[in-house]
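Next up is one chain by itself, shown in structure tokens, the form predicted on its own.
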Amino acid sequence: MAATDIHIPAPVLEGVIDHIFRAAGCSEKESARIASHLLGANLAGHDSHGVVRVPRYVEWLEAGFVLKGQQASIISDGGAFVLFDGHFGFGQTVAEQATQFAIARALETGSCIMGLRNAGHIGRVGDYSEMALRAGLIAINFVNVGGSVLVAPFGGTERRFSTAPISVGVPLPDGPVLLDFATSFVAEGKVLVASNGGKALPEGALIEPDGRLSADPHTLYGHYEAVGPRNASLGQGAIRAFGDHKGSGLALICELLAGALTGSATSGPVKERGRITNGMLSILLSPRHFGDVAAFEAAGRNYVEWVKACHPADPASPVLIPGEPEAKRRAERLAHGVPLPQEAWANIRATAVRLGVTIPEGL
């Protein structure tokens, strides 16, 4: 968070985003869902998948790359598994529909393997894990991004992978464990945030064609104006995989499971410039059906407590489990407003003004 960031109350920001998508032609229900999801990403501290995406989503809608008002349809249903097609609808709409179906099936039978293909950008994958967690289910989500070749494999400089996120949620009595990360060094959205005057990228997050490491967003986007679109196809470099060969290997698995297996597109070669699609393979498990729930919860709680009791390397920074930093940020931002870089807000504001949306006074 930079000193120049502006802070917008969460309800105000959500209202602006809601009205932007209504003005762009989406229904009240779909607009509210997109706004809630994007705001939720910011509240969790995942700014790369938050409201900074609004101008790009609107551009995709206007170009026909993502479609409003779509319904996920069942391609095959084998009881223990179900495959959906999202028909290029907003990911926040069709991925929610598919996930809710899988949740109901897992609560009924104990497990469900759900595949989703041809979805628009589904946003923060942890949101779908949280849906399952609220129902008391374990969730394992693999996601790929067809048409989005951004990440160089370990040992290479050319783009071969999408940012390929993974999320795992485990429900426990004292609070869930929620793992949610891209297999790239940074999510593409973090490069987008940095290009809009937000948090700078870590050194070496990107790589140039000659192998030089970089933290400059121009490596990915090429030339861009301060206020305006960002196009990753204009850059010559790539994002690096996290953890060297380990992150690179996980990205490959995401492409094979979420892209190839579901029948969605893999990250490349890119055949249709502009349109990106998410594929998702989700595994939902019901602890109630799996065995002794009380024993599972006790063992899980005891183990998490033991991990958290580890002596910290920095006394001011205790050991945390996945999901705790997000919960802390959510409380802070609900209380004090959502921080946005000036340039990011300028881009959102420009989109709103172009669509005839009134911006609250003072913003």
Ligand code: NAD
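All values derive from a computational prediction rather than experimental measurement. Basically, rigid core = biggest C-alpha set you can superpose within 1.5 Å across the two forms. Residue positions are given as counts along the sequence shown, with the first one as 1.
Keep in mind the form predicted together with the ligand is missing from the figure; the text below concerns it.
Residue contact check for residue 69: none of its heavy atoms lie within 4.5 Å of the ligand in the predicted bound form. Among residues of the shown chain, residue 40 is not one whose heavy atoms approach the ligand to within 4.5 Å in the predicted bound form. At the 4.5 Å threshold, heavy atoms of residue 322 reach the ligand in the predicted bound form. In the predicted bound form, at least one heavy atom of residue 278 sits within 4.5 Å of a heavy atom of the ligand. The three marked residues, 152, 206 and 232, fail to reach the ligand in the predicted bound form, with no heavy atom of any inside 4.5 Å.
Among 94, 258, 106, 182, the residue placing a heavy atom within 4.5 Å of the ligand in the predicted bound form is 182. Only one of 283, 82, 187, 194 comes within 4.5 Å of the ligand in the predicted bound form through a heavy atom, and that residue is 187. Between 132-140, 107-115, 174-182, 247-255, the stretch whose residues reach within 4.5 angstroms of the ligand in the predicted bound form through a non-hydrogen atom is 174-182. Shown without its partner, the chain has 121, 122, 123, 124, 125, 126 in segment 117-132 as residues with a non-hydrogen atom within 4.5 angstroms of the ligand in the predicted bound form. Superposition on the rigid core between this form and the one not shown places the CA atom of residue 78 less than 2 Å from its counterpart. Superposition on the rigid core between this form and the one not shown places the CA atom of residue 201 2 Å or more away from its counterpart.
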